[in-house]
Each structure stands twice: as structure tokens, then as C-alpha cells.
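Take a look at this single chain, the form predicted on its own, given in C-alpha cells.
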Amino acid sequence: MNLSVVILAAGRGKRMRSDVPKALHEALGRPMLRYVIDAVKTLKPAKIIVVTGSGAEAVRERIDDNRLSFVLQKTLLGTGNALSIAKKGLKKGTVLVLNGDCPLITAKTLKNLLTKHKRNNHLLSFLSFTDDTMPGYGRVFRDDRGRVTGIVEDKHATPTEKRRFNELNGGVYVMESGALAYLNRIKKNTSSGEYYLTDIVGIVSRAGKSLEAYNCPAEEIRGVNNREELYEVSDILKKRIISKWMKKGVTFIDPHTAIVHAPVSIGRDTVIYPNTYLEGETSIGKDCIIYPGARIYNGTIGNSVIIKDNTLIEESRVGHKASVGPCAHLRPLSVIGRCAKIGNFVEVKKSNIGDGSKASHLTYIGDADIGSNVNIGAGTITCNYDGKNKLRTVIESGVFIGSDSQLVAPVTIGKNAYIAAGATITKNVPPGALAISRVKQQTLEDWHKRKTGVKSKKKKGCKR
């Protein structure tokens, strides 16, 4: 089949109350238009044309895909006019036309529509549905023989027509090249000043050409015109995604409060606790536990990893059997090795943490390369910024860093070295050495008496 696709994404989306083009509003972390593009790509069309209008440049920048062709509808004169503009870039064959604000459409439904269209040798086919809870959709009119005669917009249909015709237009069309010739017969609507693509159905019917409407799930062709509808389709997407992973062996303690983006992958026997956010292209391995409040964006998590409460992981990798959190922060480009531990209130930035190494609490590790089996004490800081440049710290395997130490980069701590608690390290430490950097302790007796001139009194017990 010589298939081309036209996606209509020129609408301003006035009811969104936004400066962002409607098709770029995100449903579960991705622009609505991206879902539509991904669905039609599975059909392997020869060409995909996106019709843009308001915010055209923003759409082109955000949807960066060399398989797409963009055309501009300079004056927004309706869907019929939009397809007429796109027609110039189409070759002979079959054309699939759909809207860019319908992120719930599936490849399966589109394939079924194309199959039925070809099998019955129609000039024009389109999707329809029945759902009394979804107002605003055009009514599909049929004659006494059940043949499609046209589509009437909901606002133009009379109460009697609405009671008689409860089949609604889904806004997804398949047409042969010959049907495009009828676009120039569409007349401008007198009230809106626009050319409605829906009018082509009645024109083709009156011309005696073969056409049909095929029913599909109402959920799939829900459009988005305002923020409430955007939430509704996002919620449906979320339920679809979580249901898919539960069927593959993932446990969700409370699926209503978890957020999982479409590109995320999760291994079997992993347990996801409430109020967790798995975003972007995150990958979670097998047999992991993701505790409440965790947010992982574009993270790669190995097998048997524990991510504890209220932990943020951004564009970082965590090795098998490692533990991160609670209240830890892995900033971008951090790599945590196998069986490593990143504990309470530890921040890691652009650093490599070796296998079996531990930073259990209250530590900042920035721009560092840390070997295996290193112990980093509480309060340790890698001082990686000199006011102008970011500098690296190297800690080789087997090193013990005492609590409250500062490692002033650039500095290297040799293998199996020890850093005494409270040290400020400004020079390289040889392998196996002990580095101590602290002022000698002095104890001044009776300091309180000398300072205040008051003798110390014995503390008495509390009076009751």
C-alpha cells in the first residue's frame, strides 16, 4: 500500500488558555502530537506531513524528526483548508488523515481501519463511535438503508437529529487520491468562516462513491480542547501503561498514585510503592523496590536495586544490588556501581562510584571518580569548584575517608589510603598512607569560670 499520513496540528487551542501550541501540551510527559506520530509510524507510511499553524516554529523544534514534513497553514481556515494545503505534497495512493490532539489512538485501530477500507474498496472511510457522555462531536447521518450520507456538526444538529443519530464522528479518515479532488467542493461555513473536512463525507456520498464509517472504542479518539480533557486523557494513558506492566509481573502497591511514562521499562518482580514517578526513558531492572516519593528521570536502574523514600535520580545509572536513599539526589551523569550504597542526604553529581563503595549520609560527591570498596564518612565534601572551573577528585579503591573531611580538587587519594576525620586535603595522598590535617587539640581548664567570673555550680535535680 502506498500510504501517506497527514496530521492536522494547526489549531491555536484557545480553550487551553496557553501560549503553547495545543499539540505540544504534554500528556504524561510527552507532547500529544508525539503519541500520534508514534502510532502512525508503525504503519510504515511513505510520507508523514504535519500541518502547523499557530506556533509552527515551536512545533518543528520540539518534534525534531527527520521523517516528518511540515507545511504551514498561514491563515487558520479549518480542517478542510488544512488538508488542501497538505495535498500539494502528497503522491497518488492512500491518505490517512487524523488530528494531532488525539494521543489515545492506537496503531491497532488504525491498522483495522486501513484493512477494512482496502478490503471493501472504498473511496473514503472514517472512524466513528457511540458515547453519550462525550458532547461536541459531529453526528454521522445514515439513510434508511444504513448508508452514510454525511456528518453534521453537533452544534448544527437539531434535538430530533441527535436522538435519531447517536453515532459520532471520530475525526480519523482514510481516503484514496480520488477523494482529495472533492476538497475544492467544500464551502466556507457561514458562521465560522472555516472549511470543515467533515463536509467531504456528504459530498462523496452525494457523488455516489463508496464510503463507510467503522466503529472503534470511544476512548481512543478523545480529543483535547482544555486542561480538564488533557488530564482525562493523561489519566487513561497512565492506567493503560500501569496495567501493561502489572500484566508483565510488576507489582504496584497503589497504581492510582504512581506515574509511569510511556517509554519507561520495568523488569518483572519489581515492586513500585505509592507516589513514585518514573519519567522519560527510565529503565528499571528486575526484582527492584522503589519506595514512596522516589522520582527517576531518564535513569537506568539495574537488577535487585533498592531506591528508598524521597530520592531523586536524574539521568544516572545505578548498578545491580545497589541501594540509594532515603532522601538522596543523583544528579545527571552519575554512575553508581554494583552493591554500592548512597545513603541519607547524599548528593552525587557527575561522578563514578565504584562497586561496593559507600557514602552513607550527609555527603556531597561532585566531579569525582571513586574506586571500589571505598568508605566515605558523614559530612565529607569534594570541593570541586574554584570559582571558575570544575575540578575532579580521584579516590582509588579501598580508601577510608573519615567524617567531616574536605577534599579540595584537583586531588588524588591513593589506593588503601586513610583520611583522618576532620581533615582538609589539598595535596595528593600516596597509596596506603594516613593523611591528617587538623589543629592540635588544646583543653583549657576552668574556662567557664575565667570567662564569666562565676564559679560553676552543681546542677540540682528538677523540682516537682
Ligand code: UD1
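All residue numbers are counted from 1 along the displayed sequence. Please read these numbers as outputs of a predicted model, since none were measured by experiment.
We do not show the form predicted in complex with the ligand, though everything after this point is about it.
Proximity to the ligand in the predicted bound form, defined as a heavy atom within 4.5 Å, singles out one entry of 234, 99, 276, 351, which is 99. This chain lacks the partner; the member of 79, 363, 270, 128 within 4.5 angstroms of the ligand in the predicted bound form by a non-hydrogen atom is 79. Using a 4.5 angstroms heavy atom cutoff to the ligand in the predicted bound form, none of 373, 397 and 427 count as contacting. The stretch from 291-299, 210-218, 110-118, 130-138 that comes within 4.5 Å of the ligand in the predicted bound form, counting heavy atoms only, is 130-138. Residue contact check for residue 173: one or more of its heavy atoms lie within 4.5 Å of the ligand in the predicted bound form.
The closest non-hydrogen atom of residue 225 lies within 4.5 Å of the ligand in the predicted bound form.
The ligand is not drawn, but in the predicted bound form it has a heavy atom within 4.5 Å of residue 15.
The closest non-hydrogen atom of residue 315 lies beyond 4.5 Å of the ligand in the predicted bound form.
In sequence order, 9, 10, 11, 15, 22 are the residues of 9-28 having a heavy atom within 4.5 Å of the ligand in the predicted bound form; the partner itself is omitted from this view.
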